Each structure stands twice: as structure tokens, then as C-alpha cells.
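We give C-alpha cells for two forms of one protein chain below, kept apart as structure 1 and structure 2.
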Structure 1
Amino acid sequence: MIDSYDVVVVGAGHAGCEAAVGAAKLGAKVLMVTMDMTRTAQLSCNPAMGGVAKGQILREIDALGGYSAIVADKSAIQFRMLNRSKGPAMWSPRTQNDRSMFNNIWRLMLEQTPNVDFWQDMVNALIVENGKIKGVKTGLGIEISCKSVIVSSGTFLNGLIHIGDKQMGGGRSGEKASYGMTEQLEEFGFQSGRMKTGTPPRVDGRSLDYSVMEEQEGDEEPGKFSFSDDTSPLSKQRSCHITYTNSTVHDILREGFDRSPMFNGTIQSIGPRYCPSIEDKIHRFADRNRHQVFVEPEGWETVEVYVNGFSTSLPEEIQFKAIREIKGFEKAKIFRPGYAIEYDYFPPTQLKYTLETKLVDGLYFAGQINGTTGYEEAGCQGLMAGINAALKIQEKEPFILSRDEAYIGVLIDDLITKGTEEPYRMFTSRAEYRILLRQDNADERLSRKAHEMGLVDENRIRNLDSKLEGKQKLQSFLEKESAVPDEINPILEEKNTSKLNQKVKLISLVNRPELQLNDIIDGSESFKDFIDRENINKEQIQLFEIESKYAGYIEKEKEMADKMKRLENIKIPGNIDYNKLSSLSAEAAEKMTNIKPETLSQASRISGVSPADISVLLVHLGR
């Protein structure tokens, strides 16, 4: 007999693991149920974390006390800061990771987290009474009672794998699918749909000729994801390689098109447009005679290699024949073919901001079940669901992030307000306040809130305080101290910016676009002394520089965000009957009845709701 729990997490992927951490850190008793504990936090697709927009999310997860960033740092084999040449809002950390280290470390960290228990089994039904969750039933016929359930089923619900014309039930290569829950949820009144994703073949690194590929090294000065002192930057790194397909490869792949489940109608569901299969790329962009292929090592020791950019569900013999025509792959030995997988998801407009379902009290969804794709997108939803499940049990206010606070806020608001037709991936362009949501200030945005709830310890706040203090010290010093023309002019000349004729305050040089703060440090002895004396570090310099150089843009976005905030603060009661508000347009009434927006601001983002409809609502709710 298994004890009763506060929170049962169904599925131990990225969403499930973060959900367990979030709930357990707030003191909830958590049980993780997974079909195979050795696959905890499995990197099912590419062995990499972060990237553009996703790296920002990882930093946010870390600032909120989730573990994904720490695990990514500890299992990293390469670190790169993408978009360095762009503005600071675009800088995006990314790592290549050792796949098996990644799931081992995650499992270890969960095992060391108080309040988290494990049970290896398949949940195939929920126990619901009077619209409230009471527990789960497993494949072994065991009933576990609990106050809330977080379902993070990934690709496992009615998962169906396709390789050419072969089909097999499964949640991942070599793993069983999960059955029963979708049908039960539909009986409760949930709407469900199907989505599709895919993965490329894995090959034997010993059989590749790297000498004909381009090498892609890690950063010379690698950074890291976590704001904590628990991890440190890599001291050695492994390289990736880049090669290209060619028209021979494309011709061979085309031979299999009639047996492609994507093209012959076997797969109807929608896949992610930004993660197309190689056959899709050839088909849609027929005039391109080559496509990039990233050759990514799966770890420090292993010879297994991930062929990024070559996702496919063509028959395996076609895959093998085509891959050997890629430059450097002539003698490639294949470990396993790529495949496509279809799975069930539940349109996320059925959720509240807390990721609790509107239909069943105490039931939460996180990750691919909500129509998203990506480890980071899944992880942050899990964390938010876990935190909110615990808060609700403790009868505390929910924890909701707004669109100007975090990418996590953008993601959840998009999902529950607009839904998604294809697997939802985060892009920086989805955030209207992108300049506020930088990777460098995720701690400033979120860690105090996290600390108040008990999600991060005192150390994080001390680190944050000292970072902000450093910024302040720099400001006061530069306002007070003058630049000496003789010292700084050689630097100014070198950087092609006008020289000084007389002493000016150092601060007046900061906003020259040609100059970086480090140049000014080089051109001022007293500044150099100050940096040494006060122990000013890289992060502090960076933060100061960003916030002074881009102050105008930051202010502008803050102003816009504040405007939106006013509507954010006007809550819409759950029992409002839109059909009785005769002044609303019919479309607006219908959409809002369906979405049940929680604030006026959310209502304004529903497509089909006009500014006049918002004014009408304001009149009815306002004052």
C-alpha cells in the first residue's frame, strides 16, 4: 500500500522533474510516477540545452530555484553564448550535453531533494470525484490518493512511432506508450488533439571523417547557466562539426517519398515548422541544393553522435543510403534510424494561469501535453505547475508571472490565451518586452520572489545584492571621476571616436557606441584602481554597461509594460456571463466564454476581442 501524497507527478521528463522540485521545495509531499526511472529527464532529442530564447528560459528556471540549469552546467561538454554580435537582450547561452550524465545528475538531485518519492509504474487513470482530483490508478492496479496531480506525459499518450511504412506503438524509441488517460479525460469533457515530432538517426562517431567537416568549437571564455555557486564554467570542451547534404542525398531521399508517412497521408497531425524533417526541407525548398547538418557528440566518452538537421521518418534503408552520401559520412555506421512520433495533447486554452485545468480541480498539465516542444519550455511549465499545486494545497495565492517579467510568463499567457496549432516553441520575438527579459537579469527579475516563497536560499539573494551594489558603485564612481585626455585619447583614437580636449566625467564616455566599458578601463588608471580595489567583476561591469547604454530603450519598454499593467490589475470574476453583456460583439462573447480570461489584459490579447469590447468590459467591471 502506498501512502497518500500532496502531489503526484505523472511522467519524469523535464516538466515532471521540475514539477517535483517546485512542489517539494515548498514542502509538499511529492510522488513521481514514471514507467522507467533510468530515463529520468531523458534528453530524447538533441543532447543540448538552451539556445536563442530557450537559454533565457533556463536562466529563469534557475532564478526560480529549478534544477535544469544546474544539471545542464554539470553535464555540459561545450558552452557557447549565441548572438554575441547582437544586443544584450539577444545573448543566448547554449550547451552541448553529455546525455547520460544529464539524466544521472537529474536523478541524483531529485533523490537528494527532501519530500520526493518515486514509484515505477504506468498511470492509466485518474480518480476524480465531484470535479476534484482524488488520486491516480496505475497499470499494476494500485490506487494512490493525493490532493493534486500534475500530468507531464510528453509524447507517451497514445504515442505512435513511424519509420517509413512501419508503425509501432511507443512513447520513445524502445519504450512503451501510455494508454487510457486521454479517453478518460475526454469523458470528463476535455478536448484532445494529435501532434507530431521527429528525431534524426544516431551514428557511430568512429565511422565519421571529421577532417572534411567544419569544426565548431565552444567559446574561448565559456560561461554557464546557473546563477548559483554550485556550478562553474567548463575548463575543457568538445567540439561539434558542421557538414552539408547535397543533391545526391536529396535524390536518394526522394526515392522514399511515396513511403514517407508525412507525404502519403499516414501522419495527419501537425509538426513543428521550425524543426522540419529533412524530407520536408527538400520538398518545400526544392531549389536549395544543400542543407546544414550539425554533428553533435552525445557525451564526453561515448562514440554516439547525433545528426542534427537530419530528422526523418523515411524507411530506414533510405535513411542509411542517403546519410552515407553526406560529406564525411561515407563510411557511417548507424546505431538507430530516425523516426516520427505522434502523440496526444490537450489544447492549452483549457488551462488557468497556474496550469491547473479549468475542468478538474487539482489537475495540472505541463509540457508537451500542452502542445509545446522543447526541454526548456517543458521544464518551466513543470516548475510553475509544481509551485502552484503546492501553493494551492497550502491555500496561498497563486504564483503567476506576467509577460514583462519572464519568458515563462509569455509562454503560459500565449498558451492559455491563444492556444497553439503546432508544437509551440519559444522565440524572442514572442516577447513584446524583449529588452527587459534578458538572460543577464533573470535573477534580478525573479529571485527575490522565489526567495520569499522558499524556492532559493539566502546565497542567491546575497549574490544578487552584490551584483546590484557593484552596478551602483560603478555609477557613482564614473559620475564623480574624470577622464584624463592624455590617458584616454590613444584609446579613443584607436576606436575611431572623437578625442577629448579637456577633462570630462567618465560617465559621459559610457554611451559612445564605439566604446565598451573595458576600453574606458584601459584608458583610465584611476578606473583600473577602482575596479581592483572594489573587486568589481565581469557580471557587474556587464550589467552596468547594458543598463546605461540602452537606458532609453529599457525605459520605453518599461513604460509600455506599465500601461499594460493597469489592465493586468483588473481581474475578471470567473462567474461573469458574457452573453448577458449585450454591448459585447458576439464573437468577443463567444471567445471569452471559452477562454475565461482572468484579467482585462488577458482578454485584450484574445483574437477577436476589440478595444471597444475591452471598454465595454471595463465599464461593467471597472471603478
Structure 2
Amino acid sequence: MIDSYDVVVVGAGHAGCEAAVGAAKLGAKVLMVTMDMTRTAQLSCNPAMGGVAKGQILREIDALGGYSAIVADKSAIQFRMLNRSKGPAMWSPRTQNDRSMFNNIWRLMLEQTPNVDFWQDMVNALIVENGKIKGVKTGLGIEISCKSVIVSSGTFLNGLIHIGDKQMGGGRSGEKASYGMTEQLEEFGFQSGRMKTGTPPRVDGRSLDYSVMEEQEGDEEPGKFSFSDDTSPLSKQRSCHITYTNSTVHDILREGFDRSPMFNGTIQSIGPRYCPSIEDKIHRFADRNRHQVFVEPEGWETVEVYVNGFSTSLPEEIQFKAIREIKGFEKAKIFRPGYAIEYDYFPPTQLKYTLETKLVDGLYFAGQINGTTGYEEAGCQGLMAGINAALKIQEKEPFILSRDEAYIGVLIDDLITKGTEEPYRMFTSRAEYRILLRQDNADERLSRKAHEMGLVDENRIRNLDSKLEGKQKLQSFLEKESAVPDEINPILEEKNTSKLNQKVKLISLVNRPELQLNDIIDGSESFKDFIDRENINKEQIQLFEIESKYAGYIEKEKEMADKMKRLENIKIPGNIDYNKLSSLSAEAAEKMTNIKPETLSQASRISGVSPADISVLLVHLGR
């Protein structure tokens, strides 16, 4: 009844959707199997995309031909560039999104993608012969043959929901958990573990008093995520609001600690360090008498509100009582309580750089099954797994991004080299080359690679060429034209930087820390005329300014990356017996035996492997 496929994608969350796109765009015949097609790419937690480092990942997904950024733009209700007060390596785009629109747009885009088919069912077993994937078996007992499988199961594997002392099986609120696959994978030799995440209550926005909260508007000149022409910046936006917990709220929450699954031992697994529950926050930071709460609308029309910062698994009556003590929430009506969920994951050191498992040929893991948290982290893994599954079927070289090429490369390298024992979230601090990996240049870094594979069309490359051409025109103009003291000095005086006594080339003013390029444009009639005549846009101006002001730092990072690449070129044989290298530390031998690093560079990043251990390996490899 069901055809044979190149790739079967298990799950239609953010990882699964991007996996289907990546494989299908490369010509693979793809089947997405999900329990509920109406929840495709569900925003299971907060109705937002991007943020610190996550915004960079989203722009990288877009530069590689994925759909998440386009969907985020089309469903956005607010856009903000975070960290504007810091350096450009920290600037991170974020949208507030219409939850229902996001879900619907993703599904429609998938349905319009050639080579993607759908099947609504649960996959509860893999068909494996001689260590190689042959297909999947569904809850209806149907066997579907395929050449590769991408498991993107989110929080569904043996999912268990906690609200106070109540527990119920489920992958998300109102959805069944998935059983059977963990046990089968363990039989194949995989190690598994448990992780936890949570979500806050949802409330009725009509019952809130916004007049006593701080309004948080979007950017005056909103940007967008996608580099494509398929989306446009917002012309109108919805505001979010900020309020705070207080000591009364904290006291009420403490009343429920004895029934909290986090504190009474019911939950043993580890939750996300950087997104703790409200009970965890008041326990760990007992000296603080308030915590920030972000009041986020769920869409353009709906009255439903997401209470960001109030994630909890306390008994529902405690949640209801406490939330009404928050300023502006005195008459709050609750749509549903918050809850915690425990689920199975598989330590990602069991994967190759392609996200294919080491134990089963043709089996790939992507998303929360690898121990990550976040839509963006999941989406990029799915895209890379889909691309590599298709390339392997076509007997082509794998597509792997290094740490100096993309945050995606940092994420995957961190996962398979270091592993994770708590939900992994990306931050700019995890990237040692973050001045190279800015959100504004993701297309410059990745789109030509994507175009060579067939993931983005010619129009994307024309857009990129036009962007870079504008940057070059700026460079040439500033090197040739001079600033006129009478024109520019009022601006220089206003910005508290030394005035000019004679004409100087405009380029000499660019790197003054007190000045921005727009200030120089305002103080030079010839520069204004040039910008209008050549139709130079805001993006080109920003890109040139960043690369000019930070040229020294950029060059240093490139030099450091080149040094590391020399280690990347030294391959480690797969059959090396580390236990026979007597000078190697016992910890290094154990870690490298388990992880099986492919290069000396990867080995150097494994926790517990010292520079002395790397020297021993260099000698052994005759280097």
C-alpha cells in the first residue's frame, strides 16, 4: 500500500520539517510520518523564534535553503534585534510569532515541496538488517521500506507529563507519548538517558491589566530573518509587556514545594540550566525578591497569552493562586496550567558529524533526541541530517560545517565531541569565532555552498552578489571622496570627537569609535548623493561598517581558524587502539575510545583530553 522511500522522517517538529526539506530539495523521495499533521512544526513552548545565538542559527538555516526563517517572517507579529548595545557579534534577531499562522504556513510550504509525502501514524519500531536501516514499522502494523531514517522525536519518547503529584503519559499536552523505540535502540547497543523541560500556564489576555505593566514594543525599523525576496519586514507590530513576581508570589509557590515533582524526587532528570522553572528560580536565588515575567501575545487575533518566565510543574491550584498575585494578573483567567515533561534522549557522542548514528547505518538522529533544547537548535540539526541522508544515498561526499563556518558547525561539534548531560542551548559564548559568525553575513558564509548542492536558487546568489557589490562600492567611494570640514564638523562636535582642520578622505572617519556610518552620511552632501544614486541599502551600510571597524578582530579570528584547520587535516585512523598508547592518560584513552574522533582537531576538543595527550597522538601518527 505504501511505496518505498529514500528517507523516512519520524516526527514533524522543527527538526523533522527541516529534515524533509533538506532531503527533498536534493532529490530524495521523502515520507514524513507524524501522529498529527495539524501540529506540524508546532511552537510547543513560547511563540517566538530566534534570540541570542538562535537568531544567528535561523539565518544560517535560511542561507542553506531551509524554511524556518521564511515561516518566522511570514507569521511574525513583532521583530526586535537583541543586544544592540553590545558588539555586532552579539546582535541577535528575534520575532514574536502568531502560533497558529506559524504552524499553518509550515504545513502549506511542506505540501508544496516536491518529493515530500505524508503519513499520519506513529512509528514504534525500526526495521534493521545486518546493522543497516531497511524501514520502519508503524502503530497500525504497516511496514514502510526505506534507505534511511531520521528520528526527530522531540519530547515524545516515553514522554511523561508532571503537574504537581499528577503524572500522565504524553509527548505534549493532549498528545500521546511514543513507546517502544527507546527499548529497541537499547537492544542495538545505544545508551539512553532522561531529560526534562517545562512550559508555563497560558492565560486569557482579556483578564490582564496591561496599564500597570511595562510595554515592550518592536523595533522602530523592523528587520527580518530571511535573505530571500519571499518575505518583507513588518508594517505593523504587537507589543509584549513586562511585569514581575514578588515575595507574596514566592511564598505561595513555596507552599507547593512538598508536592513539586522537582523537589520530592518524582523527577530525577535534568532540566535546562538557562530556562529554569519559577520554583527552581526562587529556590536557587532565594535572596531575590522578584523575577521578570514576559507577557507575550500568541498571535494577531487570539486573546491567549504566554507567560514567559513562569514555567512550572507545581499543582494547578498553587499556580492559579500565585499567578494572581503578579502585578497586572490580579483577575487572570487561566486557559491551562503549566507542566513539566520528562522524555528519553540519546547522548550525541554516539553520532557522526553527519548526525548518522555510529551503530546503525542509515539511521540519523536530530533535535531533542540528541539532548538539545530550542526550535532553532532542532531545525538546524534536522536540515543537516536531511541533507546528509540524501547525499549518502546519492553516494556523494557528506556536508559538514566547521566551527569557523557556522553556529551550526559549533553546535554539532559540541554535541558529538563533548556530549551533553543537560538540555543543550546555543549561546554566542560557545563560539570561539563569533565575530566571523555574525547574523548579518550568514548568506555570505553559506549560500554559495548551498547553491552548489542545489539547496538555494540562482536568485539567492544574485541577491548576495548585489549585497557584496554595494559593500565594495561603499569602500571605493569612501577611499576616493573627501570630507569637507564645514559640512562634517557640526556632526563631529555633536559626537564629541575631534574636528577637522582640512579635508581628509571619508574612509579615515569610519573607524572613529564615536561615529557611525550614518553620522558621516549626514555630514557629507556628496555621500548622501552617492547613497541615493547607487541605491545603497541599510544592510549594505551595516555590513561594510562592521567589517571595517572590526577588521583587526576578524583577521585574528581567521588566523586562529586557519591554525585549527591544520589539525583538522590530520585524520585519525578508525582502527587505532588508544589503550595501547602507554603515554596517553587513562581518561583520554577512555574518552577517545568511546567518541572515536575523526581528526586531531576534534580529539583536542574532547573534555579530559589534554595538550600532552594530543602530543602523544601526533608522535604516534608520525607528525
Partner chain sequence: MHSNTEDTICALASGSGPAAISVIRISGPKAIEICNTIFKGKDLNKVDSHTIHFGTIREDDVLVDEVLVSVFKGPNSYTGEDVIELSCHGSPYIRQKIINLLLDHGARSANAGEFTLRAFMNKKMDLSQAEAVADLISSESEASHKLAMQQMRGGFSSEIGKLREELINFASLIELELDFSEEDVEFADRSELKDLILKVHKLAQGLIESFKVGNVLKNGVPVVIAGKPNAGKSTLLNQILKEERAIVSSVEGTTRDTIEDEAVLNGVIFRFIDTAGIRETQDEVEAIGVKKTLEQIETAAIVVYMFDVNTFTPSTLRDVIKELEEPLSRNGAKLLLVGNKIDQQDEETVRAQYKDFDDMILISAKDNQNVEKLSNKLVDLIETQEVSSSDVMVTNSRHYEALTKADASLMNALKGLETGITGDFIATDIRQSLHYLGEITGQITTDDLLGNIFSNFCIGK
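Owing to the predicted nature of the structure, the values given are computational and were not obtained by experimental measurement. Counting starts at 1 and follows the sequence of structure 1. We call the rigid core the largest set of C-alpha positions that still match within 1.5 Å between the two forms.
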Next on the checklist: Just verifying the output here: the form predicted on its own should be either structure 1 or structure 2. Which one is it?
Outcome noted: 2
Checklist entry - Rigid-core fit: what Cα movement does N575 have between structures 1 and 2, in Å to one decimal? => result 2.6
